[in-house]
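First, one chain by itself: the form predicted alone, in structure tokens.
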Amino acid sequence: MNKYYDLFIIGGGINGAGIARDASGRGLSVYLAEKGKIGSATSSWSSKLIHGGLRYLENYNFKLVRESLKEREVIINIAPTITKTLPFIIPYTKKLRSKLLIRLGLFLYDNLGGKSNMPKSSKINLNKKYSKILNQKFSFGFQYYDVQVDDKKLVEMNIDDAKKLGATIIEDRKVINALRIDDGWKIILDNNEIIKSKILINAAGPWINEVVNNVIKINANKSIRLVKGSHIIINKLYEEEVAFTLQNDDNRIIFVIPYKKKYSLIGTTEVDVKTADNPSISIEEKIYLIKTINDHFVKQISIEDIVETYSGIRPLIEDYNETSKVTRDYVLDLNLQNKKSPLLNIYGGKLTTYRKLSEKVMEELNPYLPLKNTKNWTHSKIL
């Protein structure tokens, strides 16, 4: 007789992995299917940062920044082996954001998350400290702190814990059909295996609406904008263990981050695309990132200096009520049929807030679950 699961999760990125870990730790039976390898898509194509999102303050997204800063503290504590605190330098240029705006932003960034062990931000004399790295036109700037993470490893550690807690995790297995039945779901995999589950969670990331429309065969409630972010990797631009947050003329932010001891990681871009499949960097993106570096640093680089590139797709939720406003936050879209057979579609989300998102998923689904274990636990249990 086939086992009947409490939760079936489509997608083994950071959100799916976090939910599988959290749910398994509450005594629920979990089945997760990933069409490729665990953490091999969007979740390993990030800038590899656990951060509050300093630039989100400009859009007055204080709630998301606050939650992200609180989660930054939690993730440092539960994943100490794969996280590292780094100083970030913002070279000041008067033609872009004002000194007052940057100081106000950094004050909020220091304090919005509540009590923190992170060093506070400060003004810094760049000519004294980084004159051999940065162009002379940048005489002063600001320093703040954020956290670097091994993003793929973070996914894998959540999956490993979920397995230890009893979850079934399957890679290279695509869901081809999902049908509502009286008290749950019948899920058909591409090897014709049939799994039955009380609840279905769609955590397919940029493929979310593809799954909604073509696999579950209902109309998607939310529109998403697929945005490609590309990074280039070059041999170390400088020796110091410090990152830079560069302000571009188009108001975008580009990070330069020490990477794997020998390299510098530079990104990211923002390009709208039609599909999430097989993203790759364009020549225009390479030129854009190289120009940003050459506008700021003493050492000049060219396309020949690029050692490696990667591109990822971010699924951003579009809210047409506010002139195509796009948020970095997440939305949990619960779909029921006659108050039965719950389907939860997870739109958006960031690496930083995956654990909190998982807790909110459990809270949202609690009325439909066989266990009433509402106690949150992942904030204190080391991965």
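Since this is a predicted model, take the numbers as computed values, not measurements. Residue numbers here begin at 1 and follow the sequence given.
This next part talks about the form predicted in complex with a small molecule, which is not shown.
Visitor: So, in the predicted complex, is residue 43 in contact with the small molecule at a 4.5 angstroms heavy atom limit?
Guide: Contact with the small molecule, yes.
Visitor: Would residue 206 sit within 4.5 Å of the small molecule in the predicted complex, counting heavy atoms only?
Guide: Yes, contact at 4.5 Å.
Visitor: Check residue 351 for me: does it contact the small molecule in the predicted complex (non-hydrogen atoms, 4.5 angstroms)?
Guide: Answer yes; at least one heavy atom of residue 351 falls within 4.5 Å of the small molecule in the predicted complex.
Visitor: Is there a heavy atom of residue 355 no more than 4.5 Å from a heavy atom of the small molecule in the predicted complex?
Guide: Contact check for residue 355: no, nothing within 4.5 Å of the small molecule in the predicted complex.
Visitor: Let me know the one among 120, 153, 173, 299 whose heavy atoms come within 4.5 Å of the small molecule in the predicted complex, would you?
Guide: In short, 173.
Visitor: Determine which one of 236-244, 207-215, 83-91, 158-166 lies within 4.5 Å of the small molecule in the predicted complex, judging by heavy atom distances; exactly one does.
Guide: So the stretch in question is 207-215.
Visitor: Using a 4.5 Å heavy atom cut-off, are 29, 72 and 79 all in contact with the small molecule in the predicted complex?
Guide: Result no, not one residue of the spot touches the small molecule.
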